[in-house]
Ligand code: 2AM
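First, one chain by itself in structure tokens, the form predicted on its own.
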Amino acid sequence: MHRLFVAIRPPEAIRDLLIDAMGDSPELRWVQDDNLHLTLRFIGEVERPLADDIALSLSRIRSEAFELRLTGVGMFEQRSGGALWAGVQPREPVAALAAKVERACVGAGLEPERRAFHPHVTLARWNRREAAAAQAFLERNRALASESFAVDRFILYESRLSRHGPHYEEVADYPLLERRLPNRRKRL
């Protein structure tokens, strides 16, 4: 079985900004630099033939490159704890890419995703004992923002779980098309 997901990997400068924001709360379970990503579609465990079909279906996606920027932080809460995340804007191009990834996955044989797409980069996980640290992080980093960064590819990852946490391995890389600028004619 292969545990897969599709994601965007932020560039090093953006990951550095996120790592710098993380450094002040040792109580929280921070995501390591190697694992920082923006999930487009969690696939889960699949057998090799379906994994191959998914990889092939993803290779057929045609989408233009776009730019994103980090904008603020937030949290997902559950009864036992939750996750801290950094948001991204603009939402439209990343949501359009996620929709294409979703169609490719369903076309390859997966069940449709039932959860709404919320573009973000997960930063940390916490349990109820660390709720105060999670709230303090949100207060300190409310205005977290970055310059725009180019998104020129997406990646199919395999997640391998261990007692030291997850390890993500790149399975396939899918480049996006260069953005086309409008044709401008010279005036004679």
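Just so it is clear, the structure is predicted and the values come from calculations on it, not from any experiment. From 1 onward, residues are counted along the sequence shown.
Quick note: we don't show the form predicted together with the ligand, though the next part is all about it.
- The candidate spot formed by R3, H37 and R115 lies fully in contact with the ligand in the predicted complex, as each residue has a heavy atom within 4.5 Å of it.
- Of the heavy atoms in T122, some are within 4.5 Å of the ligand in the predicted complex.
- Put simply, Y174 is far from the ligand in the predicted complex: not one heavy atom of it is within 4.5 Å.
- The shortest heavy atom separation between F42 and the ligand in the predicted complex is within 4.5 Å.
- The candidate stretches are 53 to 61, 66 to 74, 122 to 130, 146 to 154, and the one lying within 4.5 Å of the ligand in the predicted complex by heavy atoms is 122 to 130.
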